[in-house]
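Included below are structure tokens for two forms of one protein chain, each presented in isolation as structure 1 and structure 2.
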Structure 1
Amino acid sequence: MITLQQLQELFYTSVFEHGSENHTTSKLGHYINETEGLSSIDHFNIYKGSITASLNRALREIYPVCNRLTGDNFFNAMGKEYMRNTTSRSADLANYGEDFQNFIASFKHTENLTYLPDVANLEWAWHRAFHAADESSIDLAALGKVPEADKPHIVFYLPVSASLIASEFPIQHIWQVNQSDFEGDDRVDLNEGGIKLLVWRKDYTMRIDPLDDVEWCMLKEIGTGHTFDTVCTHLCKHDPVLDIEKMLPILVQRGWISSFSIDD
């Protein structure tokens, strides 16, 4: 007698079994009833098809631009390969596909699409920000009241929704022209240069903000969670003429710094 766990494990393995090597599937077939017109394997394949389709649908919803850039057939084939390599550990499909960009980077058929992993990175950051916790903006009154002696010990935080993304390709431009509501010239020159971005959510509005080198360095450094003192030391080493005192209020005002604490 097969136990329920053995049967479910057999089913699981069969779903991701390749076409020709179907030992597990035929073993599973012994436990499935045939009906008129459908063999036991036909019955199983209905599930195999619907599982694959729903995982691909989940990837397509998170990565619509990657899907558009590669076309449905290519994207689905890539998704199938990804599924075989990636176990879904969460009951919530919104958590599926986090490392898709790494997979794309290693997928041999995307060699010519060098920018695709970075586009995927941008799309995951967007997806993550969309579902991130709600957050109010920084308490400026409280920040103003921090005693002078405590100021070096302030730890600033980026919004919980924020991801810092850099690419040597114009991924924001690629992303924009591949939005369903985009109108205009959709050509992108891959040589137009790289970009640094902060992807985040301000209240319920999604934001993709381009950053210059100074903003990028500051946000990267602040994002490490060090005290302001340490952040300043690191930044000065990197760029001795950087005017941190002038820059900080600008970052705060843009909403890129959302909270602070005093480290004691």
Structure 2
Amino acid sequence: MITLQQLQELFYTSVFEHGSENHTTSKLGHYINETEGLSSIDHFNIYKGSITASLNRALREIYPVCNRLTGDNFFNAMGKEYMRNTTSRSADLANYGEDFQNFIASFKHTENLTYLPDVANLEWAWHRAFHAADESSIDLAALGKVPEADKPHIVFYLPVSASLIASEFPIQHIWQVNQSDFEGDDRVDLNEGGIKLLVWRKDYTMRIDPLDDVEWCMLKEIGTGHTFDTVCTHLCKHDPVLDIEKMLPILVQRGWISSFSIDD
């Protein structure tokens, strides 16, 4: 007698194994009723095809630039291999493919596409920002009323949609020339240099903002969730001449800091 858990594990393994005549699929057939004109394996393969097609479609929609860079056939094959090696941990299809970047980095057939994992990282950040919760801008009036004694204990927060990305490749340029509405010269020199980016959503507008080294360091440090006093201490160790009091209002004005709290 097979247990429910064993049956579920057998079903899962059968969906993502290679071929339709493998051992687990054949074994699963004993637990599926046949109908006129369709064997138990035929019934299962219909379901298997629907599942794999849905997951592959989800990956193509989240990673359209990676799909375009590799071509449909290659991307579909890569997606199927990803499915076989990665278990979904969420019932929400919008969360599928979060670690696709890491899979691409370890996939032997993309080892010459050294920029592709970082492009995937950018696309996931875009997807994440698009689906992030809405939020209002920082309350400047409330910030201005914080007592002087409490200011060192302020904790600033990046937008909930924000992702900080650094790459040694020009991934923003790669992303731009592979948009469906792009017009112009689509050539990209991989040696043109790396880039640091903040990917986020401002109201209903998606943004990919390039950052200089100062902006990057400040946002990375603020993103740790430390108090402003600790943030300043760490930043001063990194760059003793950094004018934090001058830079902070700029970050706020650009919307890169969305809220704050007081750490008790």
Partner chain sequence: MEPILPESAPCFMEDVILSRFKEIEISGAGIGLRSQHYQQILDNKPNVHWFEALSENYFGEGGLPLYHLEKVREHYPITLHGVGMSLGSATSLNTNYLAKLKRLVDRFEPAYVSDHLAWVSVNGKYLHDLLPLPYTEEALTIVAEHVIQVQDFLGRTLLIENPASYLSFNNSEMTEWEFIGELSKKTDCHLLIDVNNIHVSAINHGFSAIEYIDAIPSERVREIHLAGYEDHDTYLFDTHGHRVHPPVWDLYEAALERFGPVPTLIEWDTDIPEFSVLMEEAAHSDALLEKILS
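Every value quoted in this text rests on a predicted model; they were computed, and no experiment measured them. Think of the rigid core as the biggest set of C-alphas that the two forms share within 1.5 Å after superposition. Just so we're on the same page, residue numbers count up from 1 along structure 1's sequence.
S.K.: Just verifying the output here: the form predicted in complex with its partner chain should be either structure 1 or structure 2. Which one is it?
M.R.: If we ask which form is the one predicted in complex with its partner chain, the answer is structure 1.
S.K.: Is Leu242 displaced by at least 2 Å at its C-alpha between structures 1 and 2 when the rigid core is overlaid?
M.R.: No, because once the rigid core is superposed, the C-alpha of Leu242 moves less than 2 Å between structures 1 and 2.
S.K.: Does Tyr47 move appreciably between structures 1 and 2, meaning a CA displacement of 2 Å or more on the superposed rigid core?
M.R.: Indeed, Tyr47 is displaced by 2 Å or more.
S.K.: For Leu10, is the C-alpha shift between structures 1 and 2 2 Å or more after core superposition?
M.R.: Yes, shifts by 2 Å or more.
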